[in-house]
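Presented below, as structure tokens, is a lone chain in the form predicted on its own.
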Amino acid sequence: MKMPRVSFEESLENGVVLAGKCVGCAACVIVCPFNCLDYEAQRPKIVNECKICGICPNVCPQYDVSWSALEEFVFGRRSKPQEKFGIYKLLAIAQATDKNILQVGQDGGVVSALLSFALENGTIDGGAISGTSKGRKSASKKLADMVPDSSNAEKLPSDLAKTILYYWQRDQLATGVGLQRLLEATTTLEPGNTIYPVPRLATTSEEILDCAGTKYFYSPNLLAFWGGVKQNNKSIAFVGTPCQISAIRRIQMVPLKKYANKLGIAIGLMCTESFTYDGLMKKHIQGIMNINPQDIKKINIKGKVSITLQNGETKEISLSEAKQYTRTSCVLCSDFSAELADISVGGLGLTNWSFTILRTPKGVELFEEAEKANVIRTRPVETEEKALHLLNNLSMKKRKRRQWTLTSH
């Protein structure tokens, strides 16, 4: 596809970042062939003179997007009006059979189960997912010490992803083990933020289990995907929110083969909105509720924000209170159920089960193989009519925004 040559400043900086539309996915950062962009405070920032290659606006999920063209690319056709939550082949209510996954997974643990199965059977050799700074004890001591002791450390912003990018882009990893080990060492930088999301490339079932569960704070998982590409992984599963799925489909559509050829499967997480860490966690949970993040075992949303503590106690926040901390760009989102993914997964009010949408042949194949191998169990969607009704409502509510947030060609 021939791309018009337009600078970052003319396109994304003015039309997306300064306009408050940037979702912070980091797609523009990872695809820039000249390292003109850095990632700071969940936004791209130009740090070198733009070479005006025109690539970055073509991968942004918020800039001049043709939704119909994306659907044609992924599915070979456009969705019909009656397809209220996008194109799909099969629906299922699913649950992991592994008790260890169910204990730490969100709802039915389907994403963790599918990723582990895909790793074990060789379908993928890594998964770009979201972890937290909790459980990073396996970090190399030498590397963990390297970050805070660097002579350049005082020049770095506090933003975690910026620090990751700084060392990775400039090849200042003393051991050369790559992005993965630096991600594991991040607890040294922000030891108290045990719920703070960290993009992570998982290459073992143990690492997938360590990252299980929804974070509700934004994690730029494309940075982990980028790490997998740099490490020459051959087939990487990508797990992300609807906006991130749109970004990686745009990368495929250009196409940027360096990244597109590495994508094994795209799993989308149904998403109403995500919250700012400083707002919901620091201001409300820590400040108002006096809860230490290190005491939190799990956060879930089922009509309200439910916080389960390590001691088993549960605290709650009403959705109306939580929504005041919604990230600005989420208000513009027009996709609830990750309609461009191979597989979409969400809770939809279910307990210990996941509502699963199989959208592409690739998604159906992985899911059915996992079911045959008894990695997941299913039951008919008809048993959960309320969940289906909720899916329709939330999808249609967001889809109304598509008329004025996206350009349809």
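In this text the structure is predicted, and so the values were computed from the model without any measurement. Just count from 1 along the sequence shown to find any residue number.
Quick note: we don't show the form predicted in complex with a small molecule, though the next part is all about it.
Enquirer: Does the small molecule, in the predicted bound form, lie within 4.5 angstroms of each residue among Ala92, Ile357 and Ser395, using heavy atoms as the measure?
Expert: So, no: the whole triplet misses the small molecule.
Enquirer: In the predicted bound form, does Val110 have a heavy atom within 4.5 Å of the small molecule?
Expert: It does: once the small molecule is placed as it appears in the predicted bound form, Val110 has a heavy atom within 4.5 Å of it.
Enquirer: Spell out, yes or no, whether the shortest heavy atom distance between Gly264 and the small molecule in the predicted bound form is within 4.5 Å.
Expert: No, Gly264 sits far enough from the small molecule in the predicted bound form that none of its heavy atoms falls within 4.5 Å.
Enquirer: My question is simply whether Gly347 lines the interface with the small molecule in the predicted bound form - judged by any non-hydrogen atom within 4.5 Å.
Expert: Result yes; Gly347 sits at the interface with the small molecule in the predicted bound form.
Enquirer: Could you tell me if Lys215 has a non-hydrogen atom within 4.5 Å of the small molecule in the predicted bound form?
Expert: Yes, Lys215 sits close enough to the small molecule in the predicted bound form that at least one of its heavy atoms falls within 4.5 Å.
Enquirer: Ala224, Ile124, Ile248, Val239: which sits within 4.5 Å of the small molecule in the predicted bound form by any heavy atom?
Expert: Contact with the small molecule in the predicted bound form is made by Val239 alone.
Enquirer: Based on heavy atom distances of at most 4.5 Å to the small molecule in the predicted bound form, which listed stretch, 361 to 369, 376 to 384, 348 to 356, 66 to 74, is the contact stretch?
Expert: It is 348 to 356 that comes within 4.5 Å of the partner.
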